[in-house]
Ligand SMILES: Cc1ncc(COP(=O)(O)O)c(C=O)c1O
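Below, in C-alpha coordinates: the form predicted on its own, a single chain.
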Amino acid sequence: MSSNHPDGHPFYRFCRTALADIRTQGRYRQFTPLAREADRYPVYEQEKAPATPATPACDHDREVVVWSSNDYLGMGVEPVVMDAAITAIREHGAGAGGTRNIAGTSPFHTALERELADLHGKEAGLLFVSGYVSNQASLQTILTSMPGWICFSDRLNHASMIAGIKGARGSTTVIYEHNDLEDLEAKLAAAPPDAPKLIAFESVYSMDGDISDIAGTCALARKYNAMTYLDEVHAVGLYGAQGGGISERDGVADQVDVIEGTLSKGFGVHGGYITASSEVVEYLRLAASGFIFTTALPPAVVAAALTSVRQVRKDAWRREKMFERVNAFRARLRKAGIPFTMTPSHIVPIPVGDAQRCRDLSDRLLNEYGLYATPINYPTVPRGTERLRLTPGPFHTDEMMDQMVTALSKLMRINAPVDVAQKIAEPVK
(Lines give C-alpha, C1' and ligand atoms only; values in the text may rest on other atoms or scores of the structure.)
Protein backbone atom coordinates (compact mmCIF):
# COMPACT_ATOMS: atom_id res chain seq x y z
CA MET A 1 0.00 0.00 0.00
CA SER A 2 1.35 3.40 -0.95
CA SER A 3 2.45 5.53 2.01
CA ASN A 4 0.38 8.43 0.70
CA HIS A 5 -2.84 6.42 0.63
CA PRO A 6 -5.48 7.89 3.00
CA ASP A 7 -5.18 4.81 5.21
CA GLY A 8 -1.42 4.43 4.86
CA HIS A 9 -0.18 7.20 7.11
CA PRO A 10 -1.47 8.35 10.52
CA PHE A 11 -1.61 11.98 9.42
CA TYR A 12 -4.53 11.24 7.10
CA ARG A 13 -6.45 9.70 10.00
CA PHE A 14 -5.50 12.66 12.18
CA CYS A 15 -6.89 15.08 9.58
CA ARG A 16 -10.21 13.25 9.38
CA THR A 17 -10.57 13.18 13.16
CA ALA A 18 -9.55 16.82 13.58
CA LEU A 19 -11.94 18.00 10.86
CA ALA A 20 -14.81 16.05 12.38
CA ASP A 21 -14.04 17.62 15.76
CA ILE A 22 -13.98 21.13 14.28
CA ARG A 23 -17.37 20.51 12.64
CA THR A 24 -18.80 19.18 15.91
CA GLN A 25 -17.67 22.36 17.69
CA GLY A 26 -19.49 24.50 15.13
CA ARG A 27 -16.36 26.30 13.97
CA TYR A 28 -15.79 24.74 10.56
CA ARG A 29 -14.94 27.61 8.24
CA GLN A 30 -15.90 27.84 4.60
CA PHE A 31 -15.11 30.47 2.03
CA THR A 32 -18.04 32.59 0.95
CA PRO A 33 -17.93 33.25 -2.82
CA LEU A 34 -18.26 37.02 -3.06
CA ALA A 35 -17.07 39.30 -5.85
CA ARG A 36 -16.60 42.96 -4.97
CA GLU A 37 -18.22 45.49 -7.27
CA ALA A 38 -15.72 48.32 -7.51
CA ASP A 39 -18.26 50.98 -8.41
CA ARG A 40 -20.78 49.97 -5.72
CA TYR A 41 -18.69 49.15 -2.63
CA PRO A 42 -19.64 47.76 -0.06
CA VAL A 43 -22.01 45.88 -2.39
CA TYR A 44 -20.64 42.54 -3.57
CA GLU A 45 -22.01 39.90 -5.90
CA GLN A 46 -22.60 36.42 -4.53
CA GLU A 47 -21.85 33.98 -7.27
CA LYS A 48 -23.89 30.93 -8.12
CA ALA A 49 -22.87 28.11 -5.83
CA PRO A 50 -23.91 24.52 -5.11
CA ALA A 51 -25.37 23.60 -1.75
CA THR A 52 -22.98 22.82 1.11
CA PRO A 53 -23.60 21.38 4.59
CA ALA A 54 -23.82 24.95 5.89
CA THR A 55 -25.51 26.87 3.08
CA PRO A 56 -28.29 26.22 0.57
CA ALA A 57 -27.67 26.34 -3.14
CA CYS A 58 -27.49 29.75 -4.77
CA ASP A 59 -28.84 29.31 -8.31
CA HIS A 60 -28.34 32.91 -9.37
CA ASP A 61 -26.03 35.84 -8.76
CA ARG A 62 -27.31 38.28 -6.16
CA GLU A 63 -26.24 41.41 -4.35
CA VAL A 64 -24.77 41.20 -0.86
CA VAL A 65 -23.82 44.08 1.43
CA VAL A 66 -20.55 43.26 3.18
CA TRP A 67 -20.15 44.42 6.79
CA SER A 68 -16.83 42.85 7.73
CA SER A 69 -14.29 44.13 5.23
CA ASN A 70 -10.95 45.40 6.48
CA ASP A 71 -10.80 47.82 3.55
CA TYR A 72 -12.06 50.32 6.10
CA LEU A 73 -12.03 53.43 3.88
CA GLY A 74 -12.85 51.74 0.57
CA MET A 75 -9.47 52.72 -0.87
CA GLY A 76 -9.21 49.44 -2.75
CA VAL A 77 -11.93 50.67 -5.12
CA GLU A 78 -10.88 54.32 -5.25
CA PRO A 79 -10.56 55.20 -8.97
CA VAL A 80 -7.23 57.01 -8.63
CA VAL A 81 -5.77 53.97 -6.83
CA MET A 82 -7.03 51.54 -9.44
CA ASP A 83 -5.76 53.78 -12.25
CA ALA A 84 -2.29 53.82 -10.67
CA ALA A 85 -2.24 50.01 -10.67
CA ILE A 86 -3.45 49.78 -14.26
CA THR A 87 -0.86 52.27 -15.50
CA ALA A 88 1.95 50.53 -13.62
CA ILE A 89 1.03 47.08 -14.88
CA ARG A 90 0.98 48.33 -18.47
CA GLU A 91 4.35 50.01 -18.10
CA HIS A 92 6.15 47.50 -15.87
CA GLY A 93 4.31 44.18 -16.18
CA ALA A 94 2.42 41.96 -13.79
CA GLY A 95 5.19 40.76 -11.49
CA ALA A 96 8.33 41.97 -9.77
CA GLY A 97 10.54 39.35 -11.40
CA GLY A 98 12.16 38.18 -8.19
CA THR A 99 13.44 39.43 -4.89
CA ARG A 100 14.71 42.99 -4.73
CA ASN A 101 18.26 41.72 -4.32
CA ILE A 102 17.99 39.60 -7.49
CA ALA A 103 15.69 41.52 -9.82
CA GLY A 104 16.38 45.06 -8.72
CA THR A 105 14.19 47.57 -6.95
CA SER A 106 11.41 49.42 -8.68
CA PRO A 107 11.35 53.20 -8.07
CA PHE A 108 7.85 52.62 -6.72
CA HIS A 109 9.25 50.55 -3.83
CA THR A 110 11.74 53.22 -2.87
CA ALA A 111 9.15 55.99 -3.08
CA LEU A 112 6.63 54.06 -0.98
CA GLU A 113 9.18 53.27 1.73
CA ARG A 114 10.09 56.95 1.94
CA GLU A 115 6.41 57.90 2.07
CA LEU A 116 5.70 55.48 4.91
CA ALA A 117 8.76 56.58 6.87
CA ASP A 118 7.61 60.18 6.55
CA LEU A 119 4.07 59.24 7.58
CA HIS A 120 5.38 57.82 10.86
CA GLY A 121 8.16 60.35 11.40
CA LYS A 122 10.90 57.73 11.01
CA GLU A 123 14.17 57.74 9.12
CA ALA A 124 13.45 54.72 6.93
CA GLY A 125 10.92 52.06 5.97
CA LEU A 126 11.01 48.55 4.56
CA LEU A 127 8.30 46.77 2.54
CA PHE A 128 7.29 43.15 3.06
CA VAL A 129 4.86 41.00 1.08
CA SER A 130 2.24 41.14 3.84
CA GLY A 131 1.59 42.47 7.31
CA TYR A 132 1.90 38.92 8.66
CA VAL A 133 5.35 38.54 7.16
CA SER A 134 6.52 41.97 8.30
CA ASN A 135 5.69 41.06 11.89
CA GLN A 136 7.00 37.53 11.79
CA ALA A 137 10.23 38.36 9.99
CA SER A 138 11.03 41.55 11.87
CA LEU A 139 10.36 40.26 15.37
CA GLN A 140 12.19 37.00 14.76
CA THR A 141 15.19 38.79 13.28
CA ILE A 142 15.43 41.35 16.08
CA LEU A 143 15.05 38.77 18.82
CA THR A 144 17.76 36.50 17.40
CA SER A 145 20.24 39.31 16.72
CA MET A 146 21.91 39.22 20.15
CA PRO A 147 21.99 36.71 23.00
CA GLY A 148 19.75 37.22 25.99
CA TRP A 149 16.78 39.01 24.42
CA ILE A 150 13.60 39.15 26.53
CA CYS A 151 10.39 39.93 24.68
CA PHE A 152 7.46 41.28 26.69
CA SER A 153 4.38 40.44 24.64
CA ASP A 154 0.78 41.53 25.22
CA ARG A 155 -1.41 38.49 25.79
CA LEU A 156 -3.72 39.40 22.89
CA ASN A 157 -1.05 40.11 20.28
CA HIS A 158 -1.79 38.99 16.74
CA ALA A 159 -0.82 35.51 15.55
CA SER A 160 1.84 37.00 13.24
CA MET A 161 3.58 38.65 16.18
CA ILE A 162 3.39 35.45 18.20
CA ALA A 163 4.85 33.49 15.28
CA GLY A 164 7.83 35.84 15.07
CA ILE A 165 8.40 35.80 18.81
CA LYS A 166 8.12 32.01 19.07
CA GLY A 167 10.44 31.58 16.13
CA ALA A 168 13.20 33.54 17.85
CA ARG A 169 15.18 30.66 19.31
CA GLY A 170 17.33 31.58 22.25
CA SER A 171 15.19 34.52 23.33
CA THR A 172 12.86 34.53 26.33
CA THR A 173 9.20 35.47 26.10
CA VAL A 174 7.26 37.06 28.95
CA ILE A 175 3.51 37.42 28.46
CA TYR A 176 1.87 40.36 30.22
CA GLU A 177 -1.85 40.76 30.75
CA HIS A 178 -3.67 42.59 28.00
CA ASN A 179 -3.24 46.38 28.17
CA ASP A 180 -2.17 46.01 31.82
CA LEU A 181 0.73 48.40 32.42
CA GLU A 182 1.00 47.46 36.10
CA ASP A 183 1.57 43.84 35.15
CA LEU A 184 4.00 44.90 32.43
CA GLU A 185 6.01 47.01 34.85
CA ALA A 186 6.15 44.25 37.44
CA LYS A 187 7.56 41.88 34.85
CA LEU A 188 10.00 44.43 33.48
CA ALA A 189 11.23 45.13 37.03
CA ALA A 190 11.76 41.42 37.65
CA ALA A 191 13.92 40.97 34.54
CA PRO A 192 17.72 41.20 34.60
CA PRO A 193 18.57 44.92 34.25
CA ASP A 194 21.27 44.35 31.63
CA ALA A 195 19.28 42.02 29.37
CA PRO A 196 18.16 43.46 26.00
CA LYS A 197 14.41 43.93 26.22
CA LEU A 198 11.64 44.49 23.68
CA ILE A 199 7.99 45.32 24.35
CA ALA A 200 5.73 44.10 21.53
CA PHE A 201 2.16 45.36 21.42
CA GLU A 202 -0.61 46.65 19.16
CA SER A 203 -2.42 49.96 19.00
CA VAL A 204 -5.92 48.78 18.00
CA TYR A 205 -6.78 45.19 18.86
CA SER A 206 -9.02 44.19 16.00
CA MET A 207 -11.23 41.57 17.61
CA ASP A 208 -12.13 43.48 20.78
CA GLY A 209 -11.67 46.97 19.33
CA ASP A 210 -9.80 48.32 22.35
CA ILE A 211 -6.77 50.62 22.18
CA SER A 212 -3.47 50.42 24.03
CA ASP A 213 -1.79 53.15 26.07
CA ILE A 214 1.18 53.83 23.82
CA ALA A 215 2.52 56.74 25.86
CA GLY A 216 2.38 54.71 29.07
CA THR A 217 4.06 51.73 27.45
CA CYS A 218 6.84 53.90 26.04
CA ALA A 219 7.36 55.51 29.45
CA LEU A 220 7.94 52.05 30.94
CA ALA A 221 10.27 51.21 28.08
CA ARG A 222 12.41 54.24 28.86
CA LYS A 223 12.40 53.46 32.58
CA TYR A 224 13.60 49.88 32.06
CA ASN A 225 15.74 50.46 28.95
CA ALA A 226 13.54 48.46 26.60
CA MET A 227 12.80 48.89 22.90
CA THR A 228 9.21 49.19 21.69
CA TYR A 229 7.65 47.42 18.71
CA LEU A 230 4.16 48.68 17.82
CA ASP A 231 1.73 46.99 15.42
CA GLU A 232 -0.48 49.74 13.92
CA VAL A 233 -2.10 47.46 11.33
CA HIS A 234 -5.72 48.27 12.23
CA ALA A 235 -5.01 51.97 12.81
CA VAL A 236 -2.92 53.23 9.89
CA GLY A 237 -4.99 55.36 7.54
CA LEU A 238 -7.75 55.72 10.13
CA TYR A 239 -6.32 57.68 13.06
CA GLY A 240 -4.19 60.80 13.29
CA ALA A 241 -4.22 63.97 11.21
CA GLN A 242 -2.67 62.15 8.24
CA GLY A 243 -3.58 58.55 9.02
CA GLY A 244 -0.37 57.69 10.84
CA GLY A 245 -2.29 55.65 13.40
CA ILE A 246 -2.89 55.91 17.13
CA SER A 247 0.74 56.88 17.71
CA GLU A 248 0.25 59.92 15.46
CA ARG A 249 -3.11 60.74 17.01
CA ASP A 250 -1.59 60.66 20.50
CA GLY A 251 1.58 62.50 19.45
CA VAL A 252 3.92 59.70 20.55
CA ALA A 253 5.19 58.19 17.29
CA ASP A 254 8.66 59.56 18.01
CA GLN A 255 8.75 57.55 21.25
CA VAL A 256 8.24 54.21 19.50
CA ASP A 257 11.31 52.41 18.14
CA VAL A 258 9.63 50.29 15.45
CA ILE A 259 6.20 50.96 13.92
CA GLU A 260 4.76 48.17 11.80
CA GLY A 261 1.78 48.53 9.52
CA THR A 262 -0.12 47.16 6.56
CA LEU A 263 -1.17 48.44 3.16
CA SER A 264 -4.18 46.12 2.95
CA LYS A 265 -6.62 47.65 5.43
CA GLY A 266 -6.90 51.43 5.82
CA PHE A 267 -4.97 51.82 2.56
CA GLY A 268 -6.98 49.11 0.78
CA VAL A 269 -4.23 47.46 -1.29
CA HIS A 270 -1.71 44.81 -0.17
CA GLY A 271 1.60 44.42 1.63
CA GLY A 272 3.21 45.10 4.99
CA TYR A 273 6.00 47.32 6.26
CA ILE A 274 8.05 48.51 9.18
CA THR A 275 9.45 51.97 9.85
CA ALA A 276 12.28 52.75 12.25
CA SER A 277 15.72 54.32 12.47
CA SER A 278 17.92 53.85 9.42
CA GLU A 279 20.26 51.40 11.15
CA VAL A 280 17.40 49.17 12.33
CA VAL A 281 15.81 49.14 8.87
CA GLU A 282 19.16 48.43 7.20
CA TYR A 283 19.82 45.54 9.57
CA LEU A 284 16.43 44.01 8.85
CA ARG A 285 16.92 44.52 5.12
CA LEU A 286 20.17 42.58 5.27
CA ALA A 287 19.22 39.95 7.86
CA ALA A 288 15.48 39.20 7.76
CA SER A 289 14.94 35.99 5.76
CA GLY A 290 11.27 36.83 5.30
CA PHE A 291 12.42 39.83 3.27
CA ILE A 292 15.53 38.46 1.58
CA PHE A 293 14.05 35.23 0.22
CA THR A 294 10.59 36.42 -0.85
CA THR A 295 9.70 37.81 -4.28
CA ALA A 296 9.02 41.52 -4.03
CA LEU A 297 5.59 43.06 -4.23
CA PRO A 298 4.61 43.65 -7.88
CA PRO A 299 5.14 47.23 -9.10
CA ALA A 300 1.43 47.61 -9.81
CA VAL A 301 0.56 46.80 -6.20
CA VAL A 302 3.19 49.19 -4.88
CA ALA A 303 2.11 51.97 -7.25
CA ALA A 304 -1.49 51.56 -6.09
CA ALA A 305 -0.42 51.56 -2.44
CA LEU A 306 1.73 54.65 -2.90
CA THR A 307 -1.17 56.51 -4.48
CA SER A 308 -3.50 55.36 -1.71
CA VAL A 309 -1.18 56.44 1.11
CA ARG A 310 -0.73 59.88 -0.45
CA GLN A 311 -4.48 60.25 -0.97
CA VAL A 312 -5.40 59.14 2.53
CA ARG A 313 -2.84 61.46 4.12
CA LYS A 314 -4.47 64.53 2.62
CA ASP A 315 -8.13 63.42 2.69
CA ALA A 316 -9.19 63.82 6.31
CA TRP A 317 -12.83 63.55 5.25
CA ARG A 318 -12.45 59.81 4.79
CA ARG A 319 -11.58 59.29 8.44
CA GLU A 320 -14.26 61.72 9.57
CA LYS A 321 -16.90 60.00 7.45
CA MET A 322 -15.95 56.56 8.71
CA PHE A 323 -16.34 57.55 12.36
CA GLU A 324 -19.59 59.36 11.62
CA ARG A 325 -20.90 56.12 10.13
CA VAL A 326 -19.64 54.06 13.07
CA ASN A 327 -21.40 56.35 15.53
CA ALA A 328 -24.58 56.35 13.46
CA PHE A 329 -24.62 52.56 13.39
CA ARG A 330 -24.04 52.25 17.11
CA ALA A 331 -26.89 54.66 17.76
CA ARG A 332 -29.22 52.44 15.70
CA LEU A 333 -28.09 49.30 17.51
CA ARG A 334 -28.62 50.99 20.85
CA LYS A 335 -32.10 52.21 19.93
CA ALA A 336 -33.10 48.73 18.76
CA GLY A 337 -31.81 47.12 21.96
CA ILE A 338 -29.21 45.02 20.16
CA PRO A 339 -26.28 44.32 22.49
CA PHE A 340 -22.86 45.30 21.21
CA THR A 341 -19.50 45.92 22.79
CA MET A 342 -18.76 49.63 23.04
CA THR A 343 -15.16 50.23 22.01
CA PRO A 344 -12.98 53.33 21.56
CA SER A 345 -12.23 52.27 17.99
CA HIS A 346 -14.07 51.70 14.72
CA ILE A 347 -14.70 48.00 15.46
CA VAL A 348 -18.28 47.05 16.39
CA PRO A 349 -18.43 43.54 17.91
CA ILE A 350 -21.82 41.86 18.38
CA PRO A 351 -21.33 39.29 21.18
CA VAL A 352 -22.90 35.87 20.59
CA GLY A 353 -20.96 33.54 22.89
CA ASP A 354 -21.49 30.23 21.09
CA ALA A 355 -19.64 29.00 18.02
CA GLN A 356 -22.54 27.22 16.32
CA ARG A 357 -25.01 30.01 17.04
CA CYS A 358 -22.51 32.55 15.73
CA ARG A 359 -22.05 30.55 12.53
CA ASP A 360 -25.81 30.11 12.14
CA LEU A 361 -26.46 33.81 12.70
CA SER A 362 -23.92 34.73 10.03
CA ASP A 363 -25.38 32.19 7.59
CA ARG A 364 -28.93 33.44 8.07
CA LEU A 365 -27.90 37.05 7.64
CA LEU A 366 -26.35 36.09 4.31
CA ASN A 367 -28.94 33.63 3.04
CA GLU A 368 -32.09 35.41 4.19
CA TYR A 369 -31.11 39.07 4.07
CA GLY A 370 -28.11 39.37 1.73
CA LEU A 371 -25.91 40.75 4.52
CA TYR A 372 -22.43 39.38 5.13
CA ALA A 373 -21.02 39.58 8.67
CA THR A 374 -18.03 37.44 9.55
CA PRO A 375 -18.44 35.03 12.49
CA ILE A 376 -15.38 35.17 14.75
CA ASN A 377 -14.74 31.89 16.56
CA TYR A 378 -11.92 30.04 18.31
CA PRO A 379 -8.93 30.11 17.81
CA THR A 380 -9.21 33.76 16.75
CA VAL A 381 -10.99 34.51 20.04
CA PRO A 382 -11.35 32.38 23.21
CA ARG A 383 -14.19 29.88 23.36
CA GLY A 384 -17.30 31.43 24.82
CA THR A 385 -16.54 34.88 23.37
CA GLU A 386 -17.67 34.21 19.80
CA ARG A 387 -19.01 37.27 18.03
CA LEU A 388 -19.90 38.96 14.77
CA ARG A 389 -17.33 41.61 13.91
CA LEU A 390 -18.83 44.56 12.04
CA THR A 391 -16.87 47.40 10.46
CA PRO A 392 -19.11 50.25 9.23
CA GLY A 393 -17.35 52.38 6.64
CA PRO A 394 -17.83 55.64 4.75
CA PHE A 395 -20.04 53.98 2.14
CA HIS A 396 -22.51 52.16 4.37
CA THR A 397 -25.72 54.11 3.86
CA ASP A 398 -28.53 54.73 6.35
CA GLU A 399 -30.64 52.25 4.41
CA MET A 400 -27.94 49.56 4.71
CA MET A 401 -27.71 50.21 8.44
CA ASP A 402 -31.46 49.92 8.87
CA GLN A 403 -31.41 46.62 6.97
CA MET A 404 -28.75 45.19 9.26
CA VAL A 405 -30.45 46.37 12.45
CA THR A 406 -33.80 44.96 11.32
CA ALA A 407 -32.22 41.62 10.44
CA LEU A 408 -30.32 41.36 13.73
CA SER A 409 -33.43 42.26 15.70
CA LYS A 410 -35.39 39.44 14.10
CA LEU A 411 -32.65 36.81 14.15
CA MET A 412 -31.60 37.58 17.72
CA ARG A 413 -35.31 37.67 18.72
CA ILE A 414 -35.18 41.24 19.99
CA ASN A 415 -38.78 42.41 19.73
CA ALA A 416 -38.61 45.82 21.37
CA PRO A 417 -36.04 48.32 22.60
CA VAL A 418 -34.61 47.37 25.99
CA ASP A 419 -32.13 48.90 28.36
CA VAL A 420 -28.87 47.28 27.32
CA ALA A 421 -26.54 49.98 28.62
CA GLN A 422 -24.85 47.54 30.95
CA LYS A 423 -24.38 44.96 28.22
CA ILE A 424 -23.01 47.59 25.90
CA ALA A 425 -20.52 48.86 28.44
CA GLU A 426 -19.16 45.46 29.39
CA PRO A 427 -16.00 44.50 27.49
CA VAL A 428 -15.85 41.11 25.84
CA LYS A 429 -13.97 38.81 28.18
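Fair warning: this is a prediction, and the values are worked out from it, not measured in the lab. A residue's number is simply how far along the shown sequence it sits, counting from 1.
This protein has a second form, the form predicted in complex with this ligand, left out of what is shown; the following refers to that one.
Taking the pose of this ligand in the predicted complex and superposing the surrounding C-alphas, is this site open or blocked by backbone or C-beta atoms within 2.4 Å of 3 or more ligand atoms?
Open, since after superposition no atom of the placed ligand lies within 2.4 Å of the backbone or C-beta atoms.
For residue 158, is any heavy atom within 4.5 Å of this ligand in the predicted complex, or not?
Looking in the predicted complex, residue contacts with this ligand include residue 158, since a heavy atom lies within 4.5 Å.
For residue 247, is any heavy atom within 4.5 Å of this ligand in the predicted complex, or not?
Answer no; every heavy atom of residue 247 is more than 4.5 Å from this ligand in the predicted complex.
Does any part of residue 266 reach within 4.5 Å of this ligand in the predicted complex? Heavy atoms only, please.
Residue 266 lies outside the contact set for this ligand.
Since only the chain is shown here, I'm wondering whether residue 132 would be in contact with this ligand in the predicted complex (any heavy atom pair within 4.5 Å).
It does: once this ligand is placed as it appears in the predicted complex, residue 132 has a heavy atom within 4.5 Å of it.
So this ligand isn't shown here. In the predicted complex, which residue out of 138, 275, 262, 308 has a non-hydrogen atom within 4.5 Å of it?
Only one option qualifies, and that one is 262.
Could you work out which of 217, 242, 179, 206 is the residue within 4.5 angstroms of this ligand in the predicted complex, going by heavy atoms?
Result of the distance check: 206.
Hey, of 277-285, 319-327, 229-237, 295-303, which bit sits against this ligand in the predicted complex at 4.5 Å between non-hydrogen atoms?
Among the listed stretches, the partner-contacting one is 229-237.
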